[in-house]
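What follows is a single chain, given as structure tokens, in the form predicted alone.
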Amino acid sequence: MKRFVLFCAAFAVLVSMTFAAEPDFKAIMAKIDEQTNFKATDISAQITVTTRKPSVEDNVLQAQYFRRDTESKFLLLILKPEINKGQGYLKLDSSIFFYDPSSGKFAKQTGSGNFQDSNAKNSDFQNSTLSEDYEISSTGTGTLGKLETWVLTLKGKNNEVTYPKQKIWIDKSTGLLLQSEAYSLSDRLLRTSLYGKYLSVEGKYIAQLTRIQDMLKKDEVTTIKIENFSLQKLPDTVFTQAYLKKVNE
């Protein structure tokens, strides 16, 4: 009887240790947002969006990128090609506006809308809100190359998310997002995104290279490259419709 009691006690300790070792996956997901959001400063950079499609010349677009995470704002001003020069995207609160200098008008868009003629979405340029927008459906582990990862399956908390379901791979050693798969409500794989060459700036991180593959058109791939990164404070006027009009005068 004494041995049985000791066995039960040892088993209880082992079980408690197992559960204690279980990671706090909500905290892990929140860490992705915390590490990649710049709440203490504005950010700006130059981005190059390159889209490759079969049998056509690569579509290369360059833009100036401004972001203010404390107010969930961003502005993209297209520099090249010449035919798109001056076009812009402005996010204010939950609304995204596209400006066309040829008409001088703004058109409201959604985060799930495609950015120009690429596989990127408008929401790809906003600050990370994974922990706010998604709940965790399942957890596991995996590898990407030589990296050990946590693998989380996510379900959107509302109808405003770009994708209702996602599967993400998180580097165990850094807590950074390495890969994501986006799914429809019927579990159809829509796109795969890879995030790499993270730049570390004052304890924060930004992926300098993102590769997005359209899984419905598997030969179509878009890459987003970020260069000339800056933390310089931006004037409030940058995040306005008036600014997009002024730079086109």
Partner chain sequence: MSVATMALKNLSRQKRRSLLLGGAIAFGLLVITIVNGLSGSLITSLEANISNLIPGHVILRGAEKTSTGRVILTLKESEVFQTAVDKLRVPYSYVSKTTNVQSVALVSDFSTTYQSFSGVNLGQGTYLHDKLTIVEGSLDDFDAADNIVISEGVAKKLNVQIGDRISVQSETITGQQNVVDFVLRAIYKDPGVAASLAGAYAPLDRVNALRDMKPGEFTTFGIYLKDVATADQWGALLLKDLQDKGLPFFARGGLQETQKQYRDQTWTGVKYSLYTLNDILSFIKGIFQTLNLIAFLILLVLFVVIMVGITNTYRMVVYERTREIGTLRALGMQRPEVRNLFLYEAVFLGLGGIVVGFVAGVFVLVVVSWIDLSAWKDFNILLKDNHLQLQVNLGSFALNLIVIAGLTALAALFPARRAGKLTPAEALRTTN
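Positions refer to the first chain, counted from 1. These numbers come from a predicted model, not from an experiment.
Another form exists, predicted together with its partner chain; not displayed. Remarks below refer to it.
J.: Any of the heavy atoms of K80 lying within 4.5 Å of its partner chain in the model of the complex?
T.: The answer is no: K80 has no heavy atom within 4.5 Å of its partner chain.
J.: Using a 4.5 Å heavy atom cut-off, state whether E160 contacts its partner chain in the model of the complex.
T.: Yes.
J.: Does K167 reach its partner chain in the model of the complex, with heavy atoms at most 4.5 Å apart?
T.: It does not: once its partner chain is placed as it appears in the model of the complex, K167 has no heavy atom within 4.5 Å of it.
J.: Spell out, yes or no, whether the shortest heavy atom distance between A40 and its partner chain in the model of the complex is within 4.5 Å.
T.: Answer no; every heavy atom of A40 is more than 4.5 Å from its partner chain in the model of the complex.
J.: For this chain shown on its own, do S112, K121 and L190 all sit within 4.5 Å of its partner chain in the model of the complex, going by heavy atoms?
T.: Per the other structure, all of S112, K121 and L190 touch its partner chain.
J.: Only one of 56-64, 212-220, 197-205, 41-49 gets a heavy atom within 4.5 Å of its partner chain in the model of the complex; which is it?
T.: Selected range: 212-220.
J.: Which of the residues spanning 184-214 lie within 4.5 Å of its partner chain in the model of the complex, based on heavy atoms?
T.: Heavy-atom contacts within 4.5 Å come from S184, L185, S186, R188, L190.
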